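What follows is one chain in structure tokens, specifically the form predicted alone.
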């Protein structure tokens, strides 16, 4: 393969509608040449799409989409898919969807994709989709730490069950989600239907989302934006961020932004706790604002602390 295959994570708390969303996606022609890894095939309503069974754990859908049972370790499953594809036992695929359990923390899954050598050579994280129940999401955000973690690390938030929820409740939840994760795209799904092109697009950074709303954050979780007016030394910044995540990675739930490193375009930075995605260098800026800007979603770490730490490190790096 000339390029690494994108992996999209579909996460969400128990009963939040991720299985319904995935089931609807599996019936779409756009999902052809996709390998889907789920925890249990029987939990996904695919029978009416089923074309034939490849083996005891894999089925081939009518649109060419493969659906596999996750038996154990995700890295093993991805390596096995590659091996079977190479041997011609399963059809070619050009992307992978992984449905996590309702109680899963997405951060370790992302770490598997980036840290396991064989997996990281052939696959790359594309986006994290988190489903949030319009009927029960507010309560789950208060009571269930897994829901909060899934929301904070997501690239795309999907409010589900909008067909049965009151419009006011949907709007209130959407405002809450924007306050918790302003860097995520926010979509709605009625009867589990959503645009595959929007859902499966690689994670992108829309500079308009860097304007934080006035919604109060959850407990001690604080979203904030840092702006840097001059180009940064990419090497020095990388060392500083590595040190920050090494010491406080568990509390830096998300960092995402654009860095001015003196090139024609910015560097896109995207990290979840201790895991930082490979940086991407853009050819041009997405708008007229050429300042570096970083969205942090942190727990127990204030904006002033991060600004002072970065300023001190930057000053030390500039000294002869």
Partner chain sequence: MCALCGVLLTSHWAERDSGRRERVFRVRLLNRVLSHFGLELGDWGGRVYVLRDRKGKTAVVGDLGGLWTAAEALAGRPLDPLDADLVAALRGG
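What you see is a predicted model, and the numbers here were worked out from it, not measured in a lab. Positions refer to the first chain, counted from 1.
Omitted from view is the form predicted in complex with the partner chain, to which the following refers.
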**Study point:** Location of the partner chain contact in the model of the complex, chosen stretch of 246-254, 139-147, 192-200, 171-179 [non-hydrogen atom, 4.5 Å]
**Key:** 246-254
Check your understanding: Does residue 14 reach the partner chain in the model of the complex, with heavy atoms at most 4.5 Å apart?
Key -> no
Exercise for review: Examine residue 103 and determine whether its closest non-hydrogen atom to the partner chain in the model of the complex is within 4.5 angstroms.
Suggested key: no
**Study point:** in the model of the complex, residue 122 touching the partner chain (heavy atom, 4.5 Å)
**Key:** yes
Check your understanding: Looking in the model of the complex, any heavy atom of residue 111 within 4.5 Å of the partner chain?
Key -> no
Review point. Using a 4.5 Å cut on heavy atoms, which of 226, 74, 241, 90 is close to the partner chain in the model of the complex?
Key: 241
Review point. Which residues within 296-310 place at least one heavy atom within 4.5 Å of the partner chain in the model of the complex?
Key: 301, 305, 306, 308, 309
